[in-house]
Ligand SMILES: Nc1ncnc2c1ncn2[C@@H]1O[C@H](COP(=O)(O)OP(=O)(O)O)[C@@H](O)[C@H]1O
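Just one chain follows, in the form predicted on its own, and it is written as structure tokens.
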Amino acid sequence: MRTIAVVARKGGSGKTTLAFHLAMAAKIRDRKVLLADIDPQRSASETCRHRIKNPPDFAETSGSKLFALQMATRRNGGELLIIDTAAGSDEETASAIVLADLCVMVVRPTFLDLAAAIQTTDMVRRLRKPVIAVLNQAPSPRTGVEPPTVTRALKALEILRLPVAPVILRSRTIYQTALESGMSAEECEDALASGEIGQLVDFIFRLVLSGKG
């Protein structure tokens, strides 16, 4: 079994959105997955409850109970444990990072998100865990050229020596509207969003399931 911790110190980064999409992607691909929600806001859990048909298994828990949950998931034949962490909670986030085979750091192309990413990066490195950064809510390129905010963010992540996922998640309304009914963008008719999130989750799953994460 492999564990993915989705982390972001800055609130509003889209951390829960990505955690839910990873869990749904595993479900769609017939992987046995559990979504562990340690964020006190319980947004991931609420999203699962809003899903009418075949929601991913989820558990509302805390950092101190994660190890026991991880062991139970392994005993029950789980393949993936996805942890949605709490923004701004270093202690809870550290508990998730310690257990993770891969940390997925969600970063928007904003100054405050990048500043927060510095602190999260320090934590991940202190705990000696592999990490991949996902640039989220990024404006779309025009005539094939990335907006300056995106190029600056990519440069900042390069300076931090953070590996960056090859797929950028763009600012698309469908990611939020899909969650309102507990759906993944992969299940919606928006081909751009479906292809985008599908490519990203496949990349993350290849990384973590290959043992290279």
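Because the structure is predicted, anything quoted here is derived from the model rather than measured. Each residue number is its position in the shown sequence, starting from 1.
The form predicted in complex with the ligand exists for this protein as well; it is not shown, and the discussion that follows is about that form.
If contact means any heavy atom within 4.5 Å, which of 23-31, 50-58, 169-177, 150-158 contacts the ligand in the predicted complex?
In short, 169-177.
Only one of 95, 121, 73, 137 gets a heavy atom within 4.5 Å of the ligand in the predicted complex. Which one?
Filtering the options by heavy-atom distance leaves 137.
Classify residue 12 as contacting or not contacting the ligand in the predicted complex by the rule of any non-hydrogen atom within 4.5 angstroms, answering yes or no.
Because a heavy atom of residue 12 falls inside 4.5 Å of the ligand in the predicted complex, the answer is yes.
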